[in-house]
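Here are two versions of the same chain, shown separately as structure tokens and labelled structure 1 and structure 2.
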Structure 1
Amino acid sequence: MNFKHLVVALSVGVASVAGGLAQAQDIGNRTIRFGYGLNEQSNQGRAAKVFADEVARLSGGKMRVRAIGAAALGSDVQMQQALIGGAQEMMVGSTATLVGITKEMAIWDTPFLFNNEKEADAILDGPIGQKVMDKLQEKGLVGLVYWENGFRNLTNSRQPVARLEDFSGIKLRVMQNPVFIDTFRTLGADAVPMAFSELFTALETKAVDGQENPFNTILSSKFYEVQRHLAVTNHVYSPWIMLVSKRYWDRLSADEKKVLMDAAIKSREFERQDTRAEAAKALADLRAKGMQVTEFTPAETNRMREKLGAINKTIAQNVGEDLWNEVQAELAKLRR
């Protein structure tokens, strides 16, 4: 490298350090309580750590995220209220539990909406996902990014579930969300809405027979210890959403908001990759832990879809026909 190039390289280097320091100067000392519901060893917990580390890195250590798992700060619904009231700064949780706050979130509960992760990423990270996320602001929440909870599958302690008729008689815990309640009552199960934080004990004591969650959660929450049967239904793709209290967000500088947004995007990329890698080998892991696995055939899956057709009409009415049609049109484009 000749002298001229060396001078240029040095001046660029000095500028970037100065830029960083300048950014740090607009950043105050902040401690952010970031709550989540799964345990620290889960995919949710691993991604929360990535987010916390990235915030510290980007802010030069001035902004510290305390990631607090296992619903220690409350259930998803309780944390949402704490953010709205300004008693807690951030959380990540299910979009399904936000339906009582922003009805448009129910679009993501539509059975069989997405056929694969590619479609989910394209819609959630595109203008439609942003539009639905922006609806939260009028209710005191700021959505930053979607993470992947994943495709949901059914476990129970009573019987193998391999066809539509097998749902009948199962007392099934579902998320506190009207679409999930309607979906499983339509399929013949006795749907019982319950917070995630109460679920393991309810399964262990047989207060409920079963539940439905992605493979990752079945593994990390050790549901295989209290559930013998796993039915691979992939009946809906569930997103998680990272939220900030709007009361807190509005007090941040532009640089502080950029730190949180950039760290959120990095955590999203990590979380999806990490979750998919874990899910890819989860079925073998769950079999190895003794679960009896049945996989729904395409024919049985189509029977479920047909049975649930009426649910789609209700969702379209609740979220608004325009949003419903926009999602369907975008999916049709992706499937061409």
Structure 2
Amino acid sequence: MNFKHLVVALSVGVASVAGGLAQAQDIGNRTIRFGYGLNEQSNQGRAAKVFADEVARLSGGKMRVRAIGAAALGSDVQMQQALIGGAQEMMVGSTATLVGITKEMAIWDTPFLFNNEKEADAILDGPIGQKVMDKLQEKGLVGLVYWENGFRNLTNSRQPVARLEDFSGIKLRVMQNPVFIDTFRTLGADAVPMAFSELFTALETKAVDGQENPFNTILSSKFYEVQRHLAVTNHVYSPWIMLVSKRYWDRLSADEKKVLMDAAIKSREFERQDTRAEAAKALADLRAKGMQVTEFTPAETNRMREKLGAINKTIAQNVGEDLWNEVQAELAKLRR
């Protein structure tokens, strides 16, 4: 071998080794930035830790999740865009904020869609929930599992609410969301859209009579100090969803994808149990703090659902009649 051939051979060898090292480094470099909105001590934070620990265990430490809470990576919408662009690997956030990306996600915002958690689990974890989640892939996102945010419930300072007619005349703060505004106006309340940051003062000064939120939020925000009545309406169940950047997902091996999916399922089971236990404790604490609690009968819930027929019709048109009918048929089967 002459000098020229020796140089060429050495160059090829070095390039080969360098390429192999780069590939090995790429395969081994599986640090996943996982963003979420609440703080580390929240149900989101606790479940994110379970997910991170399980990913490390199942991958033998080769994959590492860096969970970043308190919206440090941005709002749900900002993180979704970061995932789509490939600048962030994973997140968990509300399905409601995905409606602008995938219209079918609006099905989960339907008022009184689910009667209880058992129905929600069956639909979300079944073929319908998967079908809706799969729609995200054409937009650059991969859905793994749904987590629980919890049912929203009503409080007010005026009167007990246990039937449809009791909504009449209550000045109710609602989210700045057309579906929520139309829903409560249709039920007879005077719906007032307002930022959450303004809510406690508005309740305290009686600028509004009431509001609606999950038990955990009602307790942590100390609304019991300015609200006497709590109605267990369970009027909306809006889940959270765990998302992966499709650009990132497509670079993973089948084994790596399985690690993430198995860890996601374990985190889902933990998060739901944890959130429900926290909600039950919050309700007990609210009773202990003097709130008067009323519950809706199934018949009253059905009356409200029927009253909202026009709103449901609009949602059905937006998500597609086929999907709407499929969800309703499955719920009817579950209720038989």
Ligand code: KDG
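Everything numeric in this text was worked out from a predicted model, so none of it was measured. Each residue is numbered by where it sits in the sequence of structure 1, with counting from 1. For clarity, a rigid core is taken as the largest C-alpha set superposing within 1.5 Å between two forms.
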(request) Pick out the form predicted in complex with the named molecule: structure 1 or structure 2. (result) 1
(message) Checking residue 57 here: with the core superposed, does its CA move 2 Å or more between structure 1 and structure 2?
(response) no
(request) Determine whether the C-alpha of residue 193 shifts by 2 Å or more between structure 1 and structure 2 once the rigid core is superposed. (result) yes
(request) For residue 130, state whether the C-alpha moves by 2 Å or more between structure 1 and structure 2 after rigid core superposition. (result) no
(request) Give me the C-alpha shift of residue 213 between structure 1 and structure 2, core superposed, in Å. (result) 3.5
(request) Would you mind giving the Cα movement of residue 223 between structure 1 and structure 2 in Å, after fitting on the rigid core? (result) 7.4
